[in-house]
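A lone chain, given as C-alpha coordinates: the form predicted on its own.
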Amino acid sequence: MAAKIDHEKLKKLHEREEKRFIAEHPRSAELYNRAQGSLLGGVPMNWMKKWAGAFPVFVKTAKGAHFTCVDGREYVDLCLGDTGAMTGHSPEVVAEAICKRLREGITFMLPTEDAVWVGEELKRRFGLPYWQFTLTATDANRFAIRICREITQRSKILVFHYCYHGTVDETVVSLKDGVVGPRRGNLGPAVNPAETTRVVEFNDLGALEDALKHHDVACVLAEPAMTNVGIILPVNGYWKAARELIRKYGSLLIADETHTICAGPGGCTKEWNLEPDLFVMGKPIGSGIPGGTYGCSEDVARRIAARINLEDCDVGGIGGTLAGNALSLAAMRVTLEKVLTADAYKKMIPLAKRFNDGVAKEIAARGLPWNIQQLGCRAEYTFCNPAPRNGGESAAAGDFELERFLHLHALNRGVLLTPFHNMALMCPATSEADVDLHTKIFAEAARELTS
(Lines give C-alpha, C1' and ligand atoms only; values in the text may rest on other atoms or scores of the structure.)
Protein backbone atom coordinates (compact mmCIF):
# COMPACT_ATOMS: atom_id res chain seq x y z
CA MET A 1 0.00 0.00 0.00
CA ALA A 2 1.28 3.45 -0.92
CA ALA A 3 2.24 5.69 1.98
CA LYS A 4 0.15 8.81 2.55
CA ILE A 5 1.48 12.14 3.76
CA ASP A 6 -0.11 13.41 6.98
CA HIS A 7 -0.26 17.18 6.40
CA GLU A 8 -0.74 17.98 10.09
CA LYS A 9 2.50 16.19 10.79
CA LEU A 10 4.05 17.89 7.77
CA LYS A 11 3.12 21.30 9.18
CA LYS A 12 4.81 20.53 12.51
CA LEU A 13 7.93 19.23 10.78
CA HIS A 14 8.12 22.38 8.69
CA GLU A 15 7.75 24.59 11.77
CA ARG A 16 10.65 22.73 13.37
CA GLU A 17 12.81 23.25 10.30
CA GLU A 18 11.86 26.93 10.08
CA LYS A 19 13.00 27.55 13.67
CA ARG A 20 16.30 25.85 12.96
CA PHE A 21 16.78 27.87 9.76
CA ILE A 22 16.15 31.21 11.50
CA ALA A 23 18.47 30.35 14.36
CA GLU A 24 21.31 29.37 12.01
CA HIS A 25 21.11 32.38 9.66
CA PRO A 26 21.21 35.59 11.74
CA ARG A 27 23.30 37.55 9.22
CA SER A 28 21.03 36.63 6.28
CA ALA A 29 18.05 37.68 8.43
CA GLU A 30 19.76 41.00 9.17
CA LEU A 31 20.44 41.70 5.50
CA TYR A 32 16.92 40.67 4.50
CA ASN A 33 15.40 43.02 7.06
CA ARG A 34 17.69 45.83 5.92
CA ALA A 35 16.71 45.21 2.29
CA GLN A 36 13.05 45.87 3.07
CA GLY A 37 13.91 49.58 2.96
CA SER A 38 15.29 49.61 -0.58
CA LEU A 39 14.37 46.43 -2.48
CA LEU A 40 10.80 45.54 -3.41
CA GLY A 41 9.93 42.61 -1.16
CA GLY A 42 13.45 42.67 0.27
CA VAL A 43 15.00 40.94 -2.75
CA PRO A 44 16.62 42.11 -6.02
CA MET A 45 14.38 39.81 -8.10
CA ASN A 46 10.90 38.63 -7.15
CA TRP A 47 11.58 34.91 -7.64
CA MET A 48 14.01 35.04 -4.73
CA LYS A 49 10.99 35.26 -2.42
CA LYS A 50 10.15 31.62 -3.13
CA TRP A 51 12.96 29.96 -1.20
CA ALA A 52 11.62 27.66 1.50
CA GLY A 53 13.06 29.50 4.51
CA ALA A 54 11.67 32.60 6.21
CA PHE A 55 14.05 34.62 4.01
CA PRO A 56 16.58 33.80 1.30
CA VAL A 57 20.11 32.76 2.20
CA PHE A 58 22.51 35.56 1.23
CA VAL A 59 25.58 34.25 -0.62
CA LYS A 60 29.12 35.32 0.20
CA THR A 61 31.22 33.19 -2.16
CA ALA A 62 30.72 30.31 -4.58
CA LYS A 63 33.07 27.98 -6.41
CA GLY A 64 32.38 24.87 -8.44
CA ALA A 65 29.44 22.95 -6.98
CA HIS A 66 29.48 24.68 -3.58
CA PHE A 67 28.69 28.07 -2.10
CA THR A 68 29.09 29.70 1.30
CA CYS A 69 26.50 32.01 2.83
CA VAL A 70 27.13 35.16 4.86
CA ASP A 71 26.62 33.11 8.05
CA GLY A 72 29.62 30.96 7.11
CA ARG A 73 27.67 27.82 6.20
CA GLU A 74 28.71 25.80 3.15
CA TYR A 75 26.22 24.16 0.81
CA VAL A 76 26.19 21.66 -2.03
CA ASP A 77 24.48 23.57 -4.84
CA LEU A 78 22.15 21.35 -6.87
CA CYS A 79 20.16 24.37 -8.04
CA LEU A 80 23.09 26.00 -9.83
CA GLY A 81 21.21 29.22 -10.51
CA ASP A 82 18.32 27.24 -12.03
CA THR A 83 20.71 26.15 -14.82
CA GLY A 84 22.50 29.50 -15.17
CA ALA A 85 25.51 28.02 -13.35
CA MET A 86 25.37 24.55 -14.90
CA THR A 87 29.05 25.08 -15.66
CA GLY A 88 29.72 25.29 -11.93
CA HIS A 89 30.41 28.59 -10.22
CA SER A 90 33.26 30.64 -11.70
CA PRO A 91 35.34 28.01 -13.53
CA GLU A 92 38.94 29.24 -13.52
CA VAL A 93 39.30 29.17 -17.29
CA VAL A 94 36.15 31.29 -17.67
CA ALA A 95 37.20 33.77 -14.99
CA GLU A 96 40.53 34.27 -16.76
CA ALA A 97 38.91 34.83 -20.16
CA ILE A 98 36.36 37.26 -18.71
CA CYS A 99 39.02 39.26 -16.88
CA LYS A 100 41.04 39.54 -20.09
CA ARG A 101 38.00 40.74 -22.02
CA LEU A 102 37.10 43.25 -19.29
CA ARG A 103 40.52 44.86 -19.67
CA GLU A 104 40.20 45.00 -23.47
CA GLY A 105 36.67 46.41 -23.77
CA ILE A 106 33.21 45.16 -22.89
CA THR A 107 30.74 46.39 -25.50
CA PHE A 108 31.11 48.24 -28.82
CA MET A 109 28.06 47.52 -30.99
CA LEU A 110 30.71 45.98 -33.26
CA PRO A 111 31.61 42.29 -33.65
CA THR A 112 34.66 40.48 -32.33
CA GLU A 113 36.37 37.33 -33.54
CA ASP A 114 34.78 35.45 -30.64
CA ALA A 115 31.36 35.97 -32.26
CA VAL A 116 32.50 34.15 -35.41
CA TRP A 117 33.99 31.28 -33.39
CA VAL A 118 30.82 30.88 -31.31
CA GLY A 119 28.57 30.95 -34.39
CA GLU A 120 30.67 28.23 -36.02
CA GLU A 121 30.60 26.11 -32.85
CA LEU A 122 26.83 26.45 -32.46
CA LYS A 123 26.41 25.42 -36.10
CA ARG A 124 28.60 22.36 -35.47
CA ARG A 125 26.77 21.34 -32.29
CA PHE A 126 23.16 21.91 -33.26
CA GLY A 127 23.13 21.74 -37.07
CA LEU A 128 21.46 25.10 -37.73
CA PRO A 129 23.60 27.31 -40.00
CA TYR A 130 22.87 30.88 -38.86
CA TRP A 131 22.96 32.47 -35.38
CA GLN A 132 22.21 35.70 -33.52
CA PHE A 133 22.84 36.73 -29.92
CA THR A 134 20.77 38.23 -27.10
CA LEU A 135 21.18 38.80 -23.37
CA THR A 136 18.58 36.25 -22.25
CA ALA A 137 16.72 33.24 -23.55
CA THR A 138 13.51 35.24 -23.02
CA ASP A 139 14.69 37.77 -25.60
CA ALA A 140 15.84 35.00 -27.91
CA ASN A 141 12.35 33.49 -27.74
CA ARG A 142 10.73 36.86 -28.36
CA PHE A 143 12.87 37.51 -31.41
CA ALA A 144 12.38 33.99 -32.79
CA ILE A 145 8.61 34.36 -32.44
CA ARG A 146 8.68 37.70 -34.27
CA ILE A 147 10.65 36.16 -37.13
CA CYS A 148 8.16 33.29 -37.39
CA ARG A 149 5.22 35.67 -37.47
CA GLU A 150 6.86 37.80 -40.13
CA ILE A 151 7.75 35.04 -42.55
CA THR A 152 4.53 33.04 -42.12
CA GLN A 153 2.27 36.10 -41.85
CA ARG A 154 0.39 34.26 -39.10
CA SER A 155 -0.51 35.78 -35.74
CA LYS A 156 -0.68 32.94 -33.22
CA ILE A 157 1.88 30.74 -31.55
CA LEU A 158 1.36 27.33 -29.93
CA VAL A 159 2.80 26.22 -26.60
CA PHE A 160 2.25 23.29 -24.26
CA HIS A 161 0.18 23.51 -21.08
CA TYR A 162 2.39 24.49 -18.09
CA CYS A 163 5.29 25.39 -20.36
CA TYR A 164 7.88 27.96 -19.38
CA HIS A 165 9.81 30.09 -21.87
CA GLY A 166 10.87 33.02 -19.74
CA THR A 167 8.78 36.17 -19.45
CA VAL A 168 7.39 36.05 -22.99
CA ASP A 169 3.84 37.47 -22.74
CA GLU A 170 2.34 34.90 -25.11
CA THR A 171 3.60 31.97 -23.04
CA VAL A 172 2.39 32.94 -19.53
CA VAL A 173 -0.79 31.09 -20.35
CA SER A 174 -2.85 28.13 -19.18
CA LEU A 175 -5.49 25.72 -20.36
CA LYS A 176 -8.47 25.20 -18.04
CA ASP A 177 -11.38 22.99 -19.09
CA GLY A 178 -10.29 23.45 -22.68
CA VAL A 179 -10.26 27.27 -22.45
CA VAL A 180 -7.06 29.28 -22.97
CA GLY A 181 -6.42 32.20 -20.63
CA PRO A 182 -3.80 33.94 -18.48
CA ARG A 183 -1.89 31.60 -16.22
CA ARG A 184 -2.47 32.02 -12.49
CA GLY A 185 -0.15 34.76 -11.25
CA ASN A 186 0.25 36.38 -14.69
CA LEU A 187 0.88 40.02 -13.81
CA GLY A 188 -0.68 42.63 -16.07
CA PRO A 189 -0.86 40.65 -19.30
CA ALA A 190 -0.76 42.96 -22.31
CA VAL A 191 -3.77 41.16 -23.79
CA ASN A 192 -5.61 37.97 -22.97
CA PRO A 193 -3.19 35.32 -24.26
CA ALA A 194 -6.15 33.55 -25.84
CA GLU A 195 -5.78 36.20 -28.57
CA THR A 196 -2.16 35.26 -29.26
CA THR A 197 -1.69 31.66 -28.24
CA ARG A 198 -3.03 28.16 -28.72
CA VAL A 199 -2.33 25.73 -25.88
CA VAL A 200 -2.38 21.93 -25.93
CA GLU A 201 -1.15 19.20 -23.64
CA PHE A 202 2.28 17.69 -24.29
CA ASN A 203 2.37 14.20 -25.82
CA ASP A 204 -1.13 14.58 -27.37
CA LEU A 205 -0.75 14.41 -31.15
CA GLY A 206 -4.49 14.67 -31.76
CA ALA A 207 -4.74 17.93 -29.82
CA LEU A 208 -1.68 19.27 -31.62
CA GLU A 209 -3.15 18.56 -35.03
CA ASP A 210 -6.53 20.05 -34.08
CA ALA A 211 -4.78 23.28 -33.03
CA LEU A 212 -2.67 23.43 -36.18
CA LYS A 213 -5.66 22.85 -38.49
CA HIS A 214 -6.70 26.49 -38.05
CA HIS A 215 -3.72 27.48 -40.23
CA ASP A 216 -3.03 30.51 -38.01
CA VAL A 217 -0.11 29.16 -35.96
CA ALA A 218 3.19 30.78 -36.92
CA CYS A 219 5.28 28.55 -34.68
CA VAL A 220 5.25 25.84 -32.06
CA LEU A 221 7.53 26.95 -29.21
CA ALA A 222 8.54 23.95 -27.14
CA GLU A 223 11.10 22.44 -24.85
CA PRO A 224 11.93 19.00 -26.30
CA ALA A 225 11.17 17.67 -22.81
CA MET A 226 9.20 19.80 -20.40
CA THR A 227 11.29 20.84 -17.38
CA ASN A 228 9.42 23.48 -15.42
CA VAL A 229 6.64 21.29 -14.07
CA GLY A 230 8.81 18.30 -13.34
CA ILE A 231 10.67 16.52 -16.12
CA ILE A 232 8.12 15.30 -18.65
CA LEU A 233 9.67 13.18 -21.36
CA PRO A 234 8.16 12.72 -24.83
CA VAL A 235 6.58 9.35 -25.46
CA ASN A 236 8.29 7.17 -28.02
CA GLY A 237 7.87 8.60 -31.53
CA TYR A 238 6.17 11.79 -30.37
CA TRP A 239 8.57 14.33 -31.83
CA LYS A 240 8.92 12.55 -35.17
CA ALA A 241 5.14 12.63 -35.63
CA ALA A 242 4.80 16.15 -34.20
CA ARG A 243 7.49 17.42 -36.56
CA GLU A 244 5.59 16.05 -39.54
CA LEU A 245 2.36 17.71 -38.38
CA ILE A 246 4.04 21.07 -37.87
CA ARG A 247 5.44 20.96 -41.40
CA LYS A 248 2.16 19.71 -42.86
CA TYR A 249 0.25 22.75 -41.58
CA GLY A 250 2.90 25.32 -42.55
CA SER A 251 4.07 26.21 -39.03
CA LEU A 252 7.63 26.41 -37.74
CA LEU A 253 9.23 24.63 -34.78
CA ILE A 254 11.28 26.55 -32.19
CA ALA A 255 13.23 24.28 -29.84
CA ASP A 256 13.90 26.06 -26.55
CA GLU A 257 16.85 24.16 -25.07
CA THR A 258 17.70 26.56 -22.27
CA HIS A 259 17.13 23.76 -19.74
CA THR A 260 17.34 20.67 -21.96
CA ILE A 261 20.93 21.45 -22.90
CA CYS A 262 21.42 19.12 -19.92
CA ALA A 263 20.80 16.21 -22.34
CA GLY A 264 24.25 16.50 -23.92
CA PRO A 265 26.60 18.93 -25.64
CA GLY A 266 24.17 19.17 -28.58
CA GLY A 267 21.05 19.15 -26.43
CA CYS A 268 18.01 17.10 -27.33
CA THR A 269 18.23 18.54 -30.84
CA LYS A 270 21.34 16.48 -31.47
CA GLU A 271 20.51 13.53 -29.20
CA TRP A 272 17.04 13.02 -30.70
CA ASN A 273 17.60 14.40 -34.22
CA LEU A 274 14.80 16.94 -33.85
CA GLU A 275 15.46 19.20 -36.88
CA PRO A 276 13.89 22.41 -35.51
CA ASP A 277 13.46 25.46 -37.75
CA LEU A 278 14.80 27.68 -34.97
CA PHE A 279 16.76 26.90 -31.81
CA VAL A 280 16.94 28.98 -28.62
CA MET A 281 19.25 28.77 -25.62
CA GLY A 282 20.34 31.00 -22.77
CA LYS A 283 21.39 30.64 -19.11
CA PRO A 284 24.50 28.36 -19.00
CA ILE A 285 25.95 29.31 -22.39
CA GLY A 286 28.08 32.06 -20.82
CA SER A 287 28.87 30.41 -17.46
CA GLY A 288 26.59 32.91 -15.71
CA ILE A 289 27.48 35.99 -17.78
CA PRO A 290 24.15 37.16 -19.30
CA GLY A 291 23.80 35.84 -22.82
CA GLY A 292 21.43 33.99 -25.09
CA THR A 293 21.34 32.85 -28.67
CA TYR A 294 18.95 31.78 -31.40
CA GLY A 295 19.74 29.95 -34.60
CA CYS A 296 17.73 29.25 -37.72
CA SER A 297 17.63 26.98 -40.71
CA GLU A 298 18.74 27.94 -44.21
CA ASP A 299 15.09 28.32 -45.24
CA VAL A 300 14.19 30.59 -42.32
CA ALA A 301 17.32 32.68 -42.90
CA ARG A 302 16.48 33.15 -46.57
CA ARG A 303 12.86 34.07 -45.86
CA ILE A 304 13.58 36.62 -43.14
CA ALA A 305 16.50 38.19 -45.03
CA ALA A 306 14.13 38.88 -47.89
CA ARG A 307 11.88 40.90 -45.56
CA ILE A 308 14.50 43.05 -43.76
CA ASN A 309 15.34 46.48 -45.13
CA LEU A 310 18.72 47.88 -44.11
CA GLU A 311 17.22 51.29 -43.34
CA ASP A 312 14.80 49.74 -40.82
CA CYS A 313 16.92 47.05 -39.23
CA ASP A 314 17.39 49.00 -35.99
CA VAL A 315 13.68 49.45 -35.29
CA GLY A 316 12.31 46.03 -36.22
CA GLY A 317 11.76 44.83 -32.68
CA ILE A 318 14.72 42.44 -32.77
CA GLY A 319 18.01 43.17 -31.04
CA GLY A 320 19.22 45.43 -28.24
CA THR A 321 22.12 47.77 -27.66
CA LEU A 322 23.99 45.31 -25.43
CA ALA A 323 23.06 42.15 -27.34
CA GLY A 324 26.05 40.37 -28.83
CA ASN A 325 28.45 42.36 -26.67
CA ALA A 326 32.11 41.40 -26.52
CA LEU A 327 31.99 40.21 -22.89
CA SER A 328 29.06 37.85 -23.48
CA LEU A 329 30.69 36.38 -26.57
CA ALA A 330 34.01 35.88 -24.80
CA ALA A 331 32.18 34.03 -22.03
CA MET A 332 30.26 31.91 -24.55
CA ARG A 333 33.41 30.97 -26.41
CA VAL A 334 35.34 29.76 -23.39
CA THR A 335 32.24 28.00 -21.99
CA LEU A 336 31.65 26.04 -25.18
CA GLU A 337 35.34 25.38 -25.84
CA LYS A 338 36.55 24.53 -22.34
CA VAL A 339 33.65 23.83 -19.94
CA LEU A 340 30.44 22.36 -21.45
CA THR A 341 32.39 19.79 -23.44
CA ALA A 342 31.59 16.21 -24.38
CA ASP A 343 33.98 15.02 -21.66
CA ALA A 344 32.16 17.12 -19.05
CA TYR A 345 28.84 15.50 -19.92
CA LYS A 346 30.45 12.06 -19.62
CA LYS A 347 31.01 12.90 -15.96
CA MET A 348 27.81 14.83 -15.23
CA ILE A 349 25.26 12.42 -16.71
CA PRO A 350 26.36 9.41 -14.59
CA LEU A 351 26.15 11.61 -11.50
CA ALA A 352 22.54 12.44 -12.36
CA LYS A 353 21.88 8.71 -12.70
CA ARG A 354 23.42 8.18 -9.26
CA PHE A 355 21.10 10.88 -7.89
CA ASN A 356 18.14 9.31 -9.72
CA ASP A 357 18.86 5.80 -8.48
CA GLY A 358 19.40 6.92 -4.88
CA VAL A 359 16.11 8.78 -4.72
CA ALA A 360 14.23 6.01 -6.55
CA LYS A 361 15.50 3.46 -4.02
CA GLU A 362 14.23 5.54 -1.09
CA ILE A 363 10.87 6.19 -2.76
CA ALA A 364 10.40 2.45 -3.19
CA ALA A 365 11.63 1.61 0.31
CA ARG A 366 9.11 4.00 1.91
CA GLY A 367 6.22 3.07 -0.38
CA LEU A 368 5.81 6.65 -1.52
CA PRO A 369 3.58 7.20 -4.57
CA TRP A 370 6.21 9.41 -6.18
CA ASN A 371 8.50 9.11 -9.21
CA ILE A 372 11.82 10.49 -10.38
CA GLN A 373 12.85 11.26 -13.95
CA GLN A 374 16.30 11.90 -15.42
CA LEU A 375 17.25 13.92 -18.49
CA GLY A 376 20.98 13.99 -19.07
CA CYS A 377 22.64 15.68 -16.10
CA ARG A 378 19.29 16.77 -14.60
CA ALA A 379 16.94 14.77 -12.38
CA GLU A 380 13.69 15.61 -10.61
CA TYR A 381 11.08 13.92 -8.48
CA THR A 382 7.34 14.60 -8.55
CA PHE A 383 4.57 13.51 -6.22
CA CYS A 384 2.76 10.98 -8.40
CA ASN A 385 3.23 7.51 -9.82
CA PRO A 386 3.41 6.71 -12.69
CA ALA A 387 5.30 9.71 -14.05
CA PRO A 388 3.06 12.37 -15.63
CA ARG A 389 2.74 12.51 -19.41
CA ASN A 390 1.84 16.19 -19.61
CA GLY A 391 1.79 19.46 -17.70
CA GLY A 392 -1.78 19.11 -16.52
CA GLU A 393 -1.12 15.74 -14.87
CA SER A 394 2.08 17.00 -13.24
CA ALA A 395 0.47 20.18 -11.91
CA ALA A 396 -2.44 18.19 -10.47
CA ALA A 397 0.05 16.12 -8.46
CA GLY A 398 1.77 19.17 -7.01
CA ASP A 399 1.99 19.70 -3.26
CA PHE A 400 3.49 23.11 -2.46
CA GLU A 401 3.78 22.56 1.30
CA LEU A 402 5.42 19.15 0.89
CA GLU A 403 7.84 20.62 -1.64
CA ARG A 404 8.80 23.47 0.71
CA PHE A 405 9.41 21.10 3.59
CA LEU A 406 11.70 18.89 1.54
CA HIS A 407 13.63 21.92 0.30
CA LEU A 408 14.02 23.45 3.75
CA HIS A 409 14.93 20.09 5.30
CA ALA A 410 17.69 19.71 2.68
CA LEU A 411 18.87 23.30 3.03
CA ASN A 412 19.23 22.98 6.80
CA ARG A 413 21.50 20.00 6.20
CA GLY A 414 23.65 21.61 3.52
CA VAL A 415 21.98 20.96 0.14
CA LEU A 416 20.27 23.55 -2.08
CA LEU A 417 17.55 22.45 -4.52
CA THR A 418 15.79 24.68 -7.06
CA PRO A 419 13.02 26.59 -5.23
CA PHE A 420 10.30 26.13 -7.86
CA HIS A 421 10.16 22.33 -7.88
CA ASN A 422 12.34 19.34 -7.02
CA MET A 423 15.04 19.71 -9.65
CA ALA A 424 18.70 18.79 -9.15
CA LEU A 425 21.41 19.60 -11.67
CA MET A 426 24.97 18.34 -11.93
CA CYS A 427 27.91 20.51 -13.01
CA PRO A 428 31.46 19.47 -13.94
CA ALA A 429 32.57 20.08 -10.33
CA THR A 430 29.80 18.00 -8.70
CA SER A 431 31.10 14.90 -6.89
CA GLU A 432 29.68 11.55 -5.87
CA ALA A 433 29.90 12.72 -2.27
CA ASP A 434 27.69 15.71 -3.12
CA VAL A 435 25.07 13.41 -4.63
CA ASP A 436 25.27 10.92 -1.77
CA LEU A 437 24.75 13.67 0.77
CA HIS A 438 21.44 14.51 -0.88
CA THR A 439 20.43 10.84 -0.95
CA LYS A 440 21.14 10.56 2.79
CA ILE A 441 19.15 13.72 3.55
CA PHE A 442 16.26 12.68 1.30
CA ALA A 443 16.11 9.30 3.05
CA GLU A 444 15.91 11.02 6.45
CA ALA A 445 13.04 13.23 5.26
CA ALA A 446 11.17 10.29 3.71
CA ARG A 447 11.54 8.31 6.94
CA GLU A 448 10.17 11.19 9.02
CA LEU A 449 7.24 11.69 6.66
CA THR A 450 6.22 8.04 6.68
CA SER A 451 7.05 6.81 10.20
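Numbers follow the displayed sequence, beginning with 1. Given the structure is predicted, the values throughout are model-derived calculations rather than measurements.
Quick note: we don't show the form predicted in complex with a small molecule, though the next part is all about it.
**Student:** Could you work out which of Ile145, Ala242, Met332, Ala137 is the residue within 4.5 angstroms of the small molecule in the predicted bound form, going by heavy atoms?
**Tutor:** Filtering the options by heavy-atom distance leaves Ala137.
**Student:** Only one of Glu271, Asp82, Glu121, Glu275 gets a heavy atom within 4.5 Å of the small molecule in the predicted bound form. Which one?
**Tutor:** Checked against the cut-off, the match is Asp82.
**Student:** Okay, which stretch from 159-167, 246-254, 181-189, 261-269 lines the small molecule in the predicted bound form, with non-hydrogen atoms inside 4.5 Å?
**Tutor:** Stretch with heavy atoms near the partner: 159-167.
**Student:** For a quick test of understanding: in the predicted bound form, does each of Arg413, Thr439 and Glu448 have a heavy atom within 4.5 Å of the small molecule?
**Tutor:** Not a single residue of the candidate spot has a heavy atom within 4.5 Å of the small molecule in the predicted bound form.
**Student:** Examine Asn141 and determine whether its closest non-hydrogen atom to the small molecule in the predicted bound form is within 4.5 angstroms.
**Tutor:** Yes.
**Student:** Might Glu223 be said to contact the small molecule in the predicted bound form, defining contact as any heavy atom within 4.5 Å?
**Tutor:** Flag for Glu223 set to yes.
**Student:** In the predicted bound form, does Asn228 come within 4.5 Å of the small molecule, counting heavy atoms only?
**Tutor:** Flag for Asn228 set to yes.
**Student:** Is there a heavy atom of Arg125 lying 4.5 Å or less from a heavy atom of the small molecule in the predicted bound form?
**Tutor:** So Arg125 does not count as contacting the small molecule.
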